[in-house]
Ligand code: ADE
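Heads up, the chain below is alone and in the form predicted on its own; it's given as C-alpha cells.
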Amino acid sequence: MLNEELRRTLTAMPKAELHIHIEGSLEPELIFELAQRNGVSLPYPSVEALRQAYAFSDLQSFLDIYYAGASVLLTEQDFYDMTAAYLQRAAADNVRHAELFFDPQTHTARGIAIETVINGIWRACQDSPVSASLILCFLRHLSEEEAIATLEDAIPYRDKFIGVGLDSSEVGHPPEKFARVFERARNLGLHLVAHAGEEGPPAYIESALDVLNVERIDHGVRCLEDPALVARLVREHMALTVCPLSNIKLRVFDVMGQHNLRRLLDAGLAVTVNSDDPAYFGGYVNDNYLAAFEALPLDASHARQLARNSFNAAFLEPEQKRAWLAEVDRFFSEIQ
C-alpha cells in the first residue's frame, strides 16, 4: 500500500510532463460546454452518458471516441480554453514544464484552419502558470503525403512549435512510412519524437531510431522483449515517455500490478511518467504516479529518478534544465 508520506512526495515533487495529447485532456463537461457554445450535436444525452462511453477495448476503440470529442473544437477560443484547462490541472500537479502534443489533421479534416488550431493552443501556453511548448503530431493512419502537406501548412507558424511527433493507430503503420516528412522536419531544426512499442513491436522502436532519427520514444514499453534494444536505449540515454494508466485502459497490461515500469527502471532506462490522454484514461500525471506506486514495488528513490528523468528528457535550454533539476534535488534533500 502507498503510505501517506510517499503519496505527498509524489504529488508535491516538481516534474515535467512530456506525453500529453492536448485533445485528450478534453473533459466531458468541457465537451458539452463547447458543443452548446458552437451548436454541435453530440451522440450522447448527458455528461454522464459520455463518461460511461469511455470503456475501451483497444487503441482503435479509444480513437473513435477521441475524434468524436474533438468535433466540438471550432474556434481559436475553443482551443485556448481546452489548453488552459489542462495547464491549470498541470500546475496543481506541480508540473513545472509540459510539452503538449496536438493533432492538426484531426481539425483541418473538419475544415478548421491550422492557424486557428496552433494560435489557440499557443496563446494558452503563453498565459500558462507553467512552462509549456507544442509538438505537432502526424496521424499515422493517414498517408505520408498528408503529413508532408500538414507540415508545410504549419511552417508559417514554425516559431510556435518545437517539434513533430507521430501518433494514432500504431499497428500496421511502421515509422518508416514517415521517413521523408521526418527528414523535412529535421532539416527545419525541429525536435523529433514518435510513438513506438506500445501496441506495435520492438522493431518499431528500432525504426523510429534508425529511420526517423527520433530523440525520444513515446511509450516504448515493449522494448523489454528485445534485450539488445534495451542495451542500445540505455547506451544512448534514449528517454521513454511511459503512460501507466493509458497502458491499463488500452489493455497493454491487464492490471497495474503487471506493468513493467519497475523493470524498465531496473534495466537502467530513462523512463518518465506521463498521462497521455488524461480525460479518457482516468487521470492526470499525479494520478499516474499514484496508481503506479500503489501497485508496484516503487519508493522515494524511484520517484526522484523519475522526476529527474522528466527534466533531463525535456527539450529545454541547458540553464533552465539545470535549474529544475536543482529544484528536484532540493525537494528530495528536504524530505529526507
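Predicted model, so just to flag it, every value in this text is computed and none were measured. Numbers follow the displayed sequence, beginning with 1.
Separately, the form predicted in complex with this ligand exists; it is not shown, and the next lines address it.
Not one of His97, Ser128 and Phe311 places a heavy atom within 4.5 Å of this ligand in the model of the complex. Between 222-230, 260-268, 164-172, 148-156, the stretch whose residues reach within 4.5 angstroms of this ligand in the model of the complex through a non-hydrogen atom is 164-172.
Note on the partner interface in the model of the complex: the residue among Leu34, Leu59, Ala292, Ala279 having a heavy atom within 4.5 angstroms of this ligand is Leu59.
Contact with this ligand in the model of the complex, defined as a heavy atom within 4.5 Å, holds for exactly one of Leu87, Ile118, Leu250, Val72, namely Leu250. Within this chain, Ser246 lines the site of this ligand in the model of the complex, having a heavy atom no more than 4.5 Å away. For Tyr284, no non-hydrogen atom is located within 4.5 Å of this ligand in the model of the complex, even though that partner is not displayed. Put simply, Leu298 is far from this ligand in the model of the complex: not one heavy atom of it is within 4.5 Å. Contact annotation for Asp93: none of its heavy atoms lies within 4.5 Å of this ligand in the model of the complex.
Annotation for 187-221: interface residues with this ligand in the model of the complex are His195, Glu198, His219 [heavy atom within 4.5 Å].
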